[in-house]
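First, one chain by itself: the form predicted on its own, in structure tokens.
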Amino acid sequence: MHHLALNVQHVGKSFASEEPWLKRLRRRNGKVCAVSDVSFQVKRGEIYGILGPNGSGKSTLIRCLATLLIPDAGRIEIFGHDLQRDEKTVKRLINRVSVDAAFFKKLSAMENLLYAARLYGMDGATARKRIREILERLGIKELHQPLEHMSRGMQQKVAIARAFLNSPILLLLDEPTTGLDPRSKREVQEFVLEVREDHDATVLLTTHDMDEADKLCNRVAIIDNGKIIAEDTSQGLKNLIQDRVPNPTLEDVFMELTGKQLVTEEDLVSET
């Protein structure tokens, strides 16, 4: 298989919308430019982080990669397959997990995942065994409790479990631990690392959490106003500013390069 999991070249996406959340973004020709001339490559087996404040374009970018939006410009290749020409093939290779994962809230984790497994064409016995393994690994014991009675953290873990049913090779995690308590967050992070080891998965991760990016990502891109303004290993990014800031954290790098503070999780949770 292709050694590059993801090849993004000069991708752009604008919206001609008056949505309130778009008003924060730059306007160009009456349109709002959410992503502007973005290029980057992710190697197979890498965990690649995209960091950016709200309204930076990172969720739009993930939606383009997940085939939910069609870019206005540029091209995206997943394992050498053109996203638009080979959409069917690409859809089998990727899976997206987002904070707003859709579920049947009256059904249990087991029922939700069995439903998803049927969509993937798995037989019942195989699906049940696989679901039990995944849920156990994520520390989810309430297999038969309706999702609406489970905490937000548990629901997010079920969303990640669902993504692994069809063993995707490229996993798109959009803010996967936002709103989770520290223990759930750690379990999800460990699970992501384990999946990369055990399933030869490549992970693209957007996050507000600098420690998470530091802990999980081989390389990190910082996106602001729809453009990637820096890309390197976490240490490489810190080296950029260490003459100005002694012992910098990734958060220091972010603030130095963007002049912005990352929105805190509490703000984000109250927004969603």
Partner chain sequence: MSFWRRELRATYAFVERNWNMVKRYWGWEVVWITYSIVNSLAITFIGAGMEKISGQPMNTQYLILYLLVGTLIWSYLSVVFDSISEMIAWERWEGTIEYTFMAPVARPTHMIGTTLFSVSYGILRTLIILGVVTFFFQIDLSRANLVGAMLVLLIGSVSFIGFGIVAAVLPLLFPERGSQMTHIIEALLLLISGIYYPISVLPDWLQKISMFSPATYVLEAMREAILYSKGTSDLLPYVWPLIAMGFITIPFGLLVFGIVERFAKKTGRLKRSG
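By rigid core we mean the largest C-alpha set that fits within 1.5 Å across both forms. None of these values were measured; they are calculated from a predicted model. Residue numbers count along the first chain shown, from 1.
If you look for the form predicted together with its partner chain, you will not find it shown, but the lines that follow are about it.
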Taking the partner as it appears in the predicted complex, which of 223-231, 241-249, 42-50, 62-70 has residues with heavy atoms within 4.5 Å of its partner chain?
-> 62-70
Thinking of Ala102, Arg128 and His144 as one candidate spot, does its partner chain come within 4.5 Å of a heavy atom in every one of them in the predicted complex?
-> yes
Students should find that, of Arg196, Arg137, His81, Arg96, the residue having a non-hydrogen atom no more than 4.5 angstroms from its partner chain in the predicted complex is Arg96
With the partner omitted here, the residue among Thr178, Ser108, Gln189, Gln155 that in the predicted complex has a heavy atom within 4.5 Å of its partner chain is Ser108
May I ask you to check whether Ile76 falls inside a 4.5 Å heavy atom distance of its partner chain in the predicted complex?
-> no
Can you check whether Arg85 is within 4.5 Å of its partner chain in the predicted complex, heavy atom basis?
-> no
Given that the partner is absent here, does Leu170 sit within 4.5 Å of its partner chain in the predicted complex, heavy atoms only?
-> no
Does its partner chain come within 4.5 Å of any heavy atom of Pro182 in the predicted complex?
-> no
At a 4.5 angstroms cut-off on non-hydrogen atoms, which residues of 104-127 are near its partner chain in the predicted complex? List them in order.
-> Phe104, Lys105, Lys106, Leu107, Ser108, Glu111, Leu114, Tyr115, Ala116, Arg118, Leu119, Tyr120, Gly121, Met122, Asp123
Please check if Gln145 moves between the shown form and the other one, taking a CA shift of 2 Å or more relative to the superposed core as movement.
-> yes
